[in-house]
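Coming up is one lone chain in structure tokens, specifically the form predicted alone.
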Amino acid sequence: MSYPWPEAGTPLEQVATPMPVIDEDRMAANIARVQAYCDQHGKAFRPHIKTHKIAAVARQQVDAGAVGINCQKVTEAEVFADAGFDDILITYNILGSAKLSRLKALNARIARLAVVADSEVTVAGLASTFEAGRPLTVLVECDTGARRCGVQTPEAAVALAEQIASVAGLRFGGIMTYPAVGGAAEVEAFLARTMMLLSQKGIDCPVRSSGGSPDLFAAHLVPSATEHRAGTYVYNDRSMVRAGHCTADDLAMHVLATVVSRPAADRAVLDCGSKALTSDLLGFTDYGAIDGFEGARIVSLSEEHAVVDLSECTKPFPQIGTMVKVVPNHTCVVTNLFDRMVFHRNGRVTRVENVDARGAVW
């Protein structure tokens, strides 16, 4: 049985919950603000589509001036290639014959595809897959302080760049990093030294890609970077407000939920459990904020229920059957929990978009 998705003009109060709802004007303002900042500082901007996974939203970002898109997995990139995007960077080590064969097919059908690597093992797999007639562009991923993936020193980056450049089926495209928050100085030092060492070897380094939404407006503090990548900014979330990246007025995504129980004076239950809200805490002690109800804390999630502690709520909380808006801790994960997103303006539905790359996680 198909769900009767709301038509344009439907009041949000008539949308079935739980449902992520996206404010059109706030999203458009977020896109414009970030693009203007990057343009002002001479940085190419490459939005990370894992936040929304929606081709129509990515098109808005590219139309605003983005140079291309950033995907995290091969299947994600395939979805966006099918939608007509032809400049894609996949920021992930791609390993295994199944993924490599799909990557090769993807490289054959779009104009500009690039991936990253941080080990000889990853490069060897790519080298055994790609040929000189249709080479693959590879960036070396560098750990500049976030302690996730990446080579640990500029010298190691150069060594891996030399390995890539020596393979007929690969093309060294530059360096890439996902830095720690507040780590601009460390990023600049790492990139600058790597560029110097590459220059001494006669190796061109056309792209120096840095990233992250929390430090997006500090991108100008890394002059060696040619482009910046960010995803969460398009919707923003509770963690971005805490980081000072935005204010509550910049939050484009809320999870619309309904109060389904008031079993005690100090407790309410919403219909947005772990299948609707991310379980990511991101340093918070609860699972999301409830718009307009300071002190109400979502203290636990089961699959279909969110339990709200009202003991410190500063105003009377809604009764059973009332809708509320939840600000998720981490918007990107919420996206992957739903097949569709409802967009709205001034409290009325404007469109419903398929989450095109929902579940595209390998």
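Owing to the predicted nature of the structure, the values given are computational and were not obtained by experimental measurement. Throughout, we count residues from 1 along the sequence that is shown.
Another form exists, predicted together with a further copy of the same chain; not displayed. Remarks below refer to it.
> Check each of D250, E188, D143, D286 and return the one that places a heavy atom within 4.5 angstroms of a further copy of the same chain in the model of the complex.
None of the others qualify; the residue that does is D143.
> Can you pick out, from A36, I320, A56, A29, the residue that has a heavy atom within 4.5 Å of a further copy of the same chain in the model of the complex?
None of the other options qualify; the answer is I320.
> Is E304 one of the residues lying within 4.5 Å of a further copy of the same chain in the model of the complex, judged by heavy atom distances?
Yes, E304 lies within 4.5 Å of a further copy of the same chain in the model of the complex.
> Verify the contact flag for N336: yes if a non-hydrogen atom of it lies within 4.5 Å of a non-hydrogen atom of a further copy of the same chain in the model of the complex, no if not.
Yes - in the model of the complex, heavy atoms of N336 and a further copy of the same chain come within 4.5 Å of each other.
> Could you confirm whether A159 comes within 4.5 Å of a further copy of the same chain in the model of the complex, counting heavy atoms only?
No, A159 is distant from the partner.
> Is G150 near a further copy of the same chain? Define near as a heavy atom within 4.5 Å, in the model of the complex.
Yes, G150 is a contact residue.
> Using a 4.5 Å heavy atom cut-off, indicate which stretch of 222 to 230, 258 to 266, 188 to 196, 236 to 244 touches a further copy of the same chain in the model of the complex.
That would be stretch 258 to 266.
> Give, in sequence order, every residue of 10 to 30 that has a heavy atom within 4.5 Å of a further copy of the same chain in the model of the complex, or say none if there are no such residues.
Sequence-ordered list: A16, T17, P18.
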